[in-house]
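Take a look at this single chain in structure tokens; it is the form predicted alone.
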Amino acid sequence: MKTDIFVNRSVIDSKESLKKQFDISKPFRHVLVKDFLNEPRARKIVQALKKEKFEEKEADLFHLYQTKDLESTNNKVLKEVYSLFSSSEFLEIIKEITGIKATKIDMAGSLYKDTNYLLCHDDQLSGRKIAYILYLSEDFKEREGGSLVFFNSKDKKPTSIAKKYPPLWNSLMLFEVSPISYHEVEENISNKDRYALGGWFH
């Protein structure tokens, strides 16, 4: 699959710069890639995602809505996105940005409605190397919640807030999964739906 059919050429051309940002970012390695997809593709993907079935997930740690793994979706548009992210060509781009070699992915859609949240955790599970979130919501302000929050840590325990990233339309967040990759999704306190595609590179 030709990556540049989906991904903006400017992203592909700036891999070296993105690698530098990834390597120097604190409190752990990460980078936010803005204007990631060609705009018409991004519009098409979010329309397709809104048609997918979401299941409510609730526990002490989280309350949100999620699709099943999109490897098994019947939606042609979402199948194409899954195929893109799992292609050798795309995985090579991820390696060039992060320095981390991955061979497979998982992917699901997420939806945070009003009052939904995900509390602080580190994402560590066997095989996970890089977490990713492709934001597909527009016009979120920081005061409305739904931000991805990164935490400082000491002795491998979270301490204070280091950075906040409101969900920015058509941007891709990548961060390295590690013993200190503590993060959360702030409670959505707006009447807006926060859509994203996300998962892990293994």
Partner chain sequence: MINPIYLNSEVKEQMKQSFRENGMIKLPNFLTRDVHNKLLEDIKKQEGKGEKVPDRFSFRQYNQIKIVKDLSKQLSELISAIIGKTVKMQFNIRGYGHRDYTLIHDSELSGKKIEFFYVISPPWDSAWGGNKVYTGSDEPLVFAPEDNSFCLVDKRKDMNSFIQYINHRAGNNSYIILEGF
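Numbering follows the first chain given and starts at 1. Note that the structure is a prediction, hence the values are computed from the model and not measured.
There is another form of this protein, the form predicted together with its partner chain, and it is not shown here; the text below is about that form.
Residues with any non-hydrogen atom within 4.5 angstroms of its partner chain in the model of the complex fall in just one of 109 to 117, 86 to 94, 68 to 76, 125 to 133: 109 to 117. Within this chain, E58 lines the site of its partner chain in the model of the complex, having a heavy atom no more than 4.5 Å away.
In the model of the complex, no heavy atom of D23 sits within 4.5 Å of its partner chain.
Proximity of P27 to its partner chain in the model of the complex: non-hydrogen atoms within 4.5 Å are absent; the residue sits far from the partner. Put simply, P158 is close to its partner chain in the model of the complex: some heavy atom of it is within 4.5 Å. Between its partner chain and the residues F140, F151, F36, F175, the one pair within 4.5 Å by heavy atoms in the model of the complex involves F151. Contact residues in stretch 184 to 201 (any heavy atom within 4.5 Å of its partner chain, taken in the model of the complex) are E187, N188, I189.
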